Ligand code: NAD
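Let's start with one chain on its own, the form predicted on its own, as structure tokens.
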Amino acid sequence: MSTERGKGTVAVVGGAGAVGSSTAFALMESSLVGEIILVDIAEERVEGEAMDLNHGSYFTSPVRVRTGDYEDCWDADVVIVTAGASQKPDETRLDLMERNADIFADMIPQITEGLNDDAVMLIVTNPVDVLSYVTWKVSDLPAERVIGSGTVLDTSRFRHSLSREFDLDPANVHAYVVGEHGDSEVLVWSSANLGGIPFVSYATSHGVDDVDALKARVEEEVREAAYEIIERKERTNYGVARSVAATTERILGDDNSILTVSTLVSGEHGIDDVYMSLPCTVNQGGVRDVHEFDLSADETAALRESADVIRESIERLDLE
């Protein structure tokens, strides 16, 4: 564990990449993190990232950044996995999924074979729902200790979009995105509220004549956000890094916070044996509870379709 008493150790596998290094940067601001271990096959680059991060430690809470290998993950409190292949030109999403699944089948057992009994695996690499399921299958860890970053960022995008529409602090917007972290994700309008006022009531009382048009515009913005960013800068890293750092803090702080992480679904909303995002209570043990909340009939149908999309991808992989 960390040499800083009362602070946690976090390993970032894929720490030389844009998401991994950005996550480490975000974690340096946390008073709950005493040590960050960067693991990457790009040894020279990851050493440079560690040096660069350490040079800014004067301006943060006391934290040590160092490089390591898979064995250095074994004593970590949280292991964040951002490693994986990037999509090649003319490569399909399925091709990328199969390559990353092969990488995970080789990598994850090396990380988890000596992992301490209280550690939590936090998977970020896409397709995150599929790879979280792969991690659970090949690791022999209990499902509650293998979680995916899921739709935590999508939920933040949803709340940001609504807050901008109505010129509100995002903290006063309560709305969730569930299902796949991907094109089939489900924005839950039925329980969305602004300052405790149901979304439709708030919108109509604030001059919105066509609520359906507003919903369609927000849905497109949230679903297309990553594509829009990638088109402009070739990658997304800051938003996902912040969401992963926030999830890590909730784990280390044992906060019992409700986050839409990707977890094993076992009967909720009539869905079984698939990793996907639902509101979960998250603490030092990973996922404490999976919450089955009221959905409209259309939302329930869309969530089940989203589960089918993920399941079809999982079934294409040979995980036996």
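Residue positions are given as counts along the sequence shown, with the first one as 1. Owing to the predicted nature of the structure, the values given are computational and were not obtained by experimental measurement.
One more form of this protein should be noted, the form predicted together with this ligand, which is absent from this view; the next part is about it.
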| remark: None of Ala246, Leu168, Val208, Ile103 but one has a heavy atom within 4.5 Å of this ligand in the predicted complex; the exception is Ile103
| field | Contact residue in the predicted complex, from Val173, Val218, Leu141, Leu153 (heavy atom within 4.5 Å of this ligand) | value | Leu153
| said: Counting heavy atoms only and using a 4.5 Å cut-off, do Leu27, Trp74 and Arg242 all touch this ligand in the predicted complex? | reply: no
| query | Any of the heavy atoms of Val290 lying within 4.5 Å of this ligand in the predicted complex? | reply | no
| Touches this ligand in the predicted complex: Ser161 (any heavy atom, 4.5 Å) | no
| Is there a non-hydrogen atom of Leu295 within 4.5 angstroms of a non-hydrogen atom of this ligand in the predicted complex? | no
| query | With the partner left out of view, is Ala119 within 4.5 angstroms of this ligand in the predicted complex by any non-hydrogen atom? | reply | no
| said: Only one of 269-277, 41-49, 57-65, 248-256 has heavy atoms within 4.5 Å of this ligand in the predicted complex; I'd like to know which. | reply: 41-49
| remark: Taking this ligand in the predicted complex and a 4.5 Å non-hydrogen atom cutoff, the residues of 173-205 making contact are His181
